[in-house]
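Below sits a lone chain in structure tokens, taken as the form predicted on its own.
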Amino acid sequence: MTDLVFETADRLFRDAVDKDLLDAAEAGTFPRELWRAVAETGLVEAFADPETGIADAGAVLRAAGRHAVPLPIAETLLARRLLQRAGLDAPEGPLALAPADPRDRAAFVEGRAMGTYYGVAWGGDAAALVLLADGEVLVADPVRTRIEPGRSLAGEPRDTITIDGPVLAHAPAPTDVAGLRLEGAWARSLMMLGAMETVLDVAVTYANDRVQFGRPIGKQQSIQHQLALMAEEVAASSVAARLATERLDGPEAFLAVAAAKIRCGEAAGKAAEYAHQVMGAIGFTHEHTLHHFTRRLWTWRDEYGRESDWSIELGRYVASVGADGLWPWLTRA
């Protein structure tokens, strides 16, 4: 089933997402026709199957990253999963999810939510906001909030939302902020993997097509070396992301997701660097599509915890296991 989900998502995004759509989205136009197509195929319900849901959702996220899809795919998937586990119905349409920023502060008292959430992806375009506050899952109407528009380095909406009023629905949260951050880090890892796969393809194609001094630059040993290093980063990220997907709901979820976010984050920086080196000046122009992917890689690696943040947390966790428990812990993982 997972392969079919990936093929469906990849084909849809490949046919629908081009540079014109990406430029329009970055200029502030929400691609509603694309969202309708995504909803009609059922991709936003990828988590629904209890047996293959995580793998299916991972396939959708990877495909979205491969095509730089300018939609809240990850946010809607994770929000619907959160609502499903909380026993709440998911509203129709794109969903925004928070908290995603360490600065977020919110409270929920007697049916009223109060607080501010920063860097909310597509908060102003969402049909509903799915929030965590005081151990509750909240469903809020964006119309009843104050939204300050913002943009990430990739040109994607990252809004500041201030809420002070009643919510549409609420229920005890099945996870806490740390758990939501873990799932967000997993999602960004899959998206970075997909984007790196495309960056590698773009760089290889350019190296084979660009002729200099009578032969393709891909014949030069220095270019081949950079492409090989990029392929190595993509392969390592694929292994880490796959392991995190397999263990997302298991007892070793923290270890697997932390390793994936660290590995994919480090690889994202290197893959973008190698690609721009291979492609030279053209890779930095607005007219070329490469920047839509490299700017997303630079953005996503910082969201839901940078690799340095996860490295510190992983180090603390390892230290807490103790010298005698380290080897059993590693081999169990």
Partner chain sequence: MTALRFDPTNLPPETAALRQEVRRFLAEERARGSWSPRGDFGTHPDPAFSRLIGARGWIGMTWPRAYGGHERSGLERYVVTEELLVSGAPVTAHWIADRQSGPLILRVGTEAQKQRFLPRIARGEIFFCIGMSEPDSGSDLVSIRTRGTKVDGGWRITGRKVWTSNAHISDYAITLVRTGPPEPDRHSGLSQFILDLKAPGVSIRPIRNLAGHHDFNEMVLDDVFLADDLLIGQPGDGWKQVTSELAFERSGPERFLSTYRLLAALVEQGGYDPDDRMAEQTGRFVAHLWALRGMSLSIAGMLQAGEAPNLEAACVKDLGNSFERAIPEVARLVAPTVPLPVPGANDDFAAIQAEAVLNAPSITLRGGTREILRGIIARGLGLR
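Values in this document were obtained by computation on a predicted structure and should not be read as measured data. Residue numbers count along the first chain shown, from 1. The term rigid core refers to the most C-alpha atoms you can superpose between the two forms while keeping them within 1.5 Å.
Keep in mind that the form predicted together with its partner chain is missing from the display, and what follows is about it.
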| item | value |
| --- | --- |
| Residues Gln224, Arg247 and Arg316 all lining its partner chain in the predicted bound form, heavy atom within 4.5 Å | yes |
| Glu75 within 4.5 Å of its partner chain in the predicted bound form, heavy atoms | no |
| Contact flag, Glu26 vs its partner chain in the predicted bound form, heavy atom cut 4.5 Å | no |
| is_contact(Asn208, its partner chain) in the predicted bound form, heavy atom dist at most 4.5 Å | yes |
| Residue contact check: Ala107 to its partner chain in the predicted bound form, 4.5 Å heavy atom | no |
| Contact stretch among 176 to 184, 127 to 135, 82 to 90, 213 to 221 - heavy atom within 4.5 Å of its partner chain in the predicted bound form | 213 to 221 |
| Single option in Leu71, Ile163, Ala240, Ala121 placed near its partner chain in the predicted bound form, where near means a heavy atom within 4.5 Å | Ala240 |
| Contact residue in the predicted bound form, from Leu95, Leu193, Ala154, Ala256 (heavy atom within 4.5 Å of its partner chain) | Ala256 |
| Partner contacts in the predicted bound form for 95 to 122 (non-hydrogen atom within 4.5 angstroms of its partner chain) | none |
| CA of Gly325, rigid core aligned, shift of 2 Å or more between the shown form and the other one | yes |
